[in-house]
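Presented below, as structure tokens, is a lone chain in the form predicted on its own.
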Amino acid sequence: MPSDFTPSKLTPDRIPCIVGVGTTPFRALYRDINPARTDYDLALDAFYVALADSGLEKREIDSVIVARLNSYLKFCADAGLEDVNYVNFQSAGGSQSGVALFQAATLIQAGQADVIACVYGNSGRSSQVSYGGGAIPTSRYDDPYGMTSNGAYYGMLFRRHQHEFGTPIEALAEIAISNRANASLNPNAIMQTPITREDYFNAPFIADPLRRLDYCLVNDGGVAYIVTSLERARDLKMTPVRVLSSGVSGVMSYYYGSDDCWFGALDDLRGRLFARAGVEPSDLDFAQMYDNFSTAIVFALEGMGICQRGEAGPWLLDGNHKRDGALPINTAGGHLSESYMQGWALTVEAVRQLRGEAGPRQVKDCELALDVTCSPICSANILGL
């Protein structure tokens, strides 16, 4: 389902921009388990932070996209957004974070909306949500072989990658270690204690070859961002972050995985995404890569052309992904260490980096970022100043 848009087709005034971002205090909430706290409560908290950050008035919002919330009607009513032109609901799946931004950007560039609030809420820790184990269309075939979760599929795909390219398991350790190092500089990150290779290899297996430190967190939190046109953004207090290119490309089947680790879908997306933004992967200053499992970063690096296919392992072992490397990745700690907001917090971190607001984890002189998700629906956005 390839789809995209490009600012080259737009008048400059209709270029989509993110003008306000908000997150809840992930670290504090992790230590404050509260079953009475709902997804809507968390989404509202993040929404009001993003609204204040943007400098917009609530009455100026004319469209709303919610994710993981069962009812956009309830969210809008709770937020006092009674008159909106467009509303939509995105499922809880992490792949939807990039799809939500793609949808918002497309609405702005088409002139179908002027100010869009994109909002996400997740009370997963307090509500004791369990990922995996649920029935899917292929359960009768998958379950006897232990394929009862997405993690099992990502583990199997990594074994396939190892078989084809000899990818070293130490590459996954380097991802976990780097994420934690970045999180140690992030006061809002849940896991801040640095880890070593020894810590990584001492962690128990969850789905061989994936260990506990390869898995995302489960936590409570909310994320929101406000999207409008460059024309409107010029009058606001914050530096607008432009959506220079956005696209999605999916692999639809009954099974979660992809024989080529989603390389074909990502490669197709990459070609369109960078061409339409008028940049190359080598122009990027940093990247936010969806890491529900560490292996997703391996696949995204190759699919997005950061390195050649089969070369992600050596690329990671050389330290290119570190904060002082060629392409810093997941500068706030990612899903492995900061929070698991199913991709949404990664987008906010990209905005904060581009606005120079990341404090001690700030990437120097950054102007161009990639925000990418590698899953059955691959999505990517190039953001810039």
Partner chain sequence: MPGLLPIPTEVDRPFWEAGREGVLRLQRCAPCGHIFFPPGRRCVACGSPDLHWTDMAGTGEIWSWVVMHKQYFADMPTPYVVLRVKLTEGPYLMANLVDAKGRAPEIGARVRVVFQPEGDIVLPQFTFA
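Values in this document were obtained by computation on a predicted structure and should not be read as measured data. Positions refer to the first chain, counted from 1.
The same protein has a further form, the form predicted in complex with its partner chain, not shown here; the description that follows concerns it.
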key: Segment that reaches its partner chain in the model of the complex - one of 192-200, 167-175, 135-143, 303-311, heavy atoms within 4.5 Å   = 135-143
message = Going by heavy atom distances of 4.5 angstroms or less, which of 147, 217, 76, 284 would be at the interface with its partner chain in the model of the complex?
response = 147
inquiry  = Only one of 238, 81, 157, 107 gets a heavy atom within 4.5 Å of its partner chain in the model of the complex. Which one?
reply    = 157
ask   = How about residue 89: is it within 4.5 Å of its partner chain in the model of the complex, going by heavy atoms?
value = no
query = Wondering, does residue 234 line up within 4.5 Å of its partner chain in the model of the complex on heavy atoms?
reply = no
Its partner chain contact at residue 209 in the model of the complex, heavy atom, 4.5 Å = yes
query = Are any of the heavy atoms in residue 268 no more than 4.5 Å from a heavy atom of its partner chain in the model of the complex?
reply = no
request  = Can you tell me which bits of 242-274 touch its partner chain in the model of the complex, meaning any heavy atom within 4.5 Å?
outcome  = 254, 255, 259
